[in-house]
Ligand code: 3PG
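The chain below stands alone, shown as structure tokens; this is the form predicted on its own.
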């Protein structure tokens, strides 16, 4: 890694601004659902507090125009539960109340500022983010800026890049762990390395497939979900008008030419489904690929495909999973996802899962403890695995380059040299 971490700084009695990503799913009553992001960020915050820092937490929930753009008072309650210390909610971002609250902090105390996306500059200011009001108002009160928001690292927003241009900054434990693990599995995985891709985020997933094949970081790919259907079409299969209409609706048909090229170049590395589960009057019916096309929508892979993929999972030393094998949320069509997860659970592979439905299924089945890592990121996870740069990480790297000589000198003084 080329950025600094908590280990490079003495945070005792320092005022630390920690940018987290507490963005959480909400239930039908508009209540925040406890989740892995809250739990992981709480560890970074607790460590800083335990080391004597005065901790100011900044985060977001939802986006403009959506119903989940809410206040962060419930997030503060959940953080308090996980940290075991009171996290005081501040109904302000950079006004007088927020600034006075920061100034009055004592060692080990923690406050959570209001939703940063309530401030329009956060998402609308596209350059010179260090000149934003929030950075100008808060930075004089802060000693160090900590970016722990890996899940938002693909966004060049004010709170993610602006503070790093005017304050000494370093990565929190969530950011640090994500990069240690994702770098390992995407660049130097234990072999053989298996990529299990499904889900419906076809554009980004195809980028990952292309990148890992091109870099020779993946020995085998097993496909399912919408990704598997796109590869079947690319392989010349007629999947039927109903399902193809879904592919067009999601603009996944635009990825068919790329899938064709990848099949031509890496045919021996890409495995396609051999049977599929269709929805007939609400019921699951499995048909072999040879029986295509079908007038019924395709919602999952079938048992023969699961049997085909199982030996590859058993043989793998590294498994990277992203996306469910089918329409996991629809009763009767979660079989492919669950059966593949069972095979993964039986394997001895070092396993990394993307967040979302795949991680949720693993948690429901009690397999999450055996998984080496579940990424807190959605878009950031995919884009990093696809080899693309993340603006918030670039900000950390640039800051480290400017700070490293100073950090080295501080270490020399500390050691009496």
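Residue numbers count along the first chain shown, from 1. Computed from a predicted structure; not experimentally measured.
Here the subject shifts to the form predicted in complex with the named molecule, a form of this protein not shown in this document.
Are all three residues 60, 63 and 379 in contact with the named molecule in the predicted bound form, where contact means a non-hydrogen atom within 4.5 Å?
Yes.
Which one, 75, 154, 173, 335, lies within 4.5 Å of the named molecule in the predicted bound form by heavy atoms?
Selected option: 154.
At 4.5 Å between heavy atoms, is residue 23 in contact with the named molecule in the predicted bound form?
Heavy-atom contact with the named molecule at 4.5 Å: present for residue 23.
Would you check, heavy atoms only and a 4.5 Å threshold, whether residue 37 touches the named molecule in the predicted bound form?
Yes, residue 37 lies within 4.5 Å of the named molecule in the predicted bound form.
Within 4.5 angstroms, counting heavy atoms, which one of the listed stretches 345-353, 41-49, 371-379, 386-394 is next to the named molecule in the predicted bound form?
It is 371-379 that comes within 4.5 Å of the partner.
Within 4.5 Å of the named molecule in the predicted bound form: residues from 114-132 (heavy atom criterion):
Residue within 4.5 Å: 117 only.
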